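The chain below stands alone and is given as structure tokens, in the form predicted alone.
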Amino acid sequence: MAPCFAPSVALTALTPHASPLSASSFVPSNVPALQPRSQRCSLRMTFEAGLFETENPYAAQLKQTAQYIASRGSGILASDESNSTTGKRLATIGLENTEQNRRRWRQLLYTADIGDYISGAIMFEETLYQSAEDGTPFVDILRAKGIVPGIKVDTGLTALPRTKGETATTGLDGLPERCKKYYQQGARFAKWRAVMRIGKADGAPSDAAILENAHALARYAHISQANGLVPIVEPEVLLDGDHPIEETAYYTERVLSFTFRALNEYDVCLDAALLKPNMVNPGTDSTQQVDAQTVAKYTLQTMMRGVPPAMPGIHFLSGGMSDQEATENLNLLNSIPGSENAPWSLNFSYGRALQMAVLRTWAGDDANKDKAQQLLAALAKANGEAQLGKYTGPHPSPGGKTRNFQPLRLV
């Protein structure tokens, strides 16, 4: 069988409001019409053949947004906690879980001087539509700082039947319509979290759990790109457990393999997407704890084996690590031998590691607002420097060595 090749042509960048070109507009006249998908050669993926660029009216914007968010020296503020989770955190400082208090907390975060080190902010749906006290929409406040507004689009975890306590993520129903509305409101990227745990006694993560979560991530990413949102793909392998770091590396690599296979099956353009994985740590209850150098070594090895170079950035989640641990691990990840060969930005998308100390400093009292915002700016700067491999310390977080654990919650 003769090999098939995608035609090589220059494509005009499309704006979100431009009409998509037909496939025939870039196929030379002497090339036969495209065969049904099942008859094409296996190499003819959407992003290779150029179909994404001609069929998706947001293609140029999606790629540009992904590249911008993955900029060196900056990262993502993950402030997308649900109302319930935010309420639990507010309760630790004696605040009632009301819309007003949630808005006050998010306003403190978004009005801080963090634009030099934060390139994107993931928001919860309620927050996407909220405004500051002076009436300025949060999305406009973020844009003015050079921060791209994003949106959490999954609706939480649910038990996966016929498994031993494993989970699937909900939220695909009605997702295209929701993405359209989020784009209109100003969001330009989305996030979907899948969660898998390691449990030697019950065989977790099972193939059923990995397949289910990989499929949902791919379907979500496909829908997001079709509606103008850069998908952040988050296949998280939890820290919970007593397994050694080698086992975490094995299952993280396995999950990444399943995930990217599914993304390719759904023709997700990797140039216009971002990855949000866990760092490779031993289980929190493992007797074989390791130093940050070993974490960085296994994490870089796992990413080099499992992540295609087309993806602009890998934004690691803090996943229960302490504030200081998250920064130091990121710094080593960007400075150990071999990191200079990484084809993508090794970046951060931190929630608890950027927020918890700030929340305690604020304590619900606006008299402490300036001090809390200064701490957030210092934390953002520390992690921005760590992304460049230039963090030297000391770490700005009070009590920064305490791990930030949070139990899983089902829908």
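The first residue of the sequence shown is number 1, and the count goes up from there. Since we're looking at a predicted model, the values are computed, not measured.
One more form of this protein, predicted in complex with ligand 13P, exists but is not displayed; see below.
**Q** Based on heavy atom distances of at most 4.5 Å to ligand 13P in the model of the complex, which listed stretch, 294-302, 314-322, 335-343, 217-225, is the contact stretch?
**A** Residues of 314-322 come within 4.5 Å of the partner.
**Q** At the 4.5 Å heavy atom threshold, is Ser349 in contact with ligand 13P in the model of the complex?
**A** Contact check for Ser349: yes, within 4.5 Å of ligand 13P in the model of the complex.
**Q** Indicate whether ligand 13P has at least one heavy atom within 4.5 Å of a heavy atom of Arg106 in the model of the complex.
**A** So Arg106 does not count as contacting ligand 13P.
**Q** Residue-level question: is Lys276 within 4.5 Å of ligand 13P in the model of the complex, judged on heavy atoms?
**A** Lys276: contacts ligand 13P in the model of the complex.
**Q** Using 4.5 Å between non-hydrogen atoms, is Val230 touching ligand 13P in the model of the complex?
**A** So Val230 does not count as contacting ligand 13P.
**Q** Tell me, out of Leu330, Ile118, Val280, Ala78, which residue has a non-hydrogen atom within 4.5 angstroms of ligand 13P in the model of the complex.
**A** Of the candidates Leu330, Ile118, Val280, Ala78, Ala78 is the one lying within 4.5 Å of ligand 13P in the model of the complex.
**Q** From the list Lys191, Arg188, His243, Arg197, which entry has a heavy atom within 4.5 Å of ligand 13P in the model of the complex?
**A** Looking at the other structure, the residue within range turns out to be Lys191.
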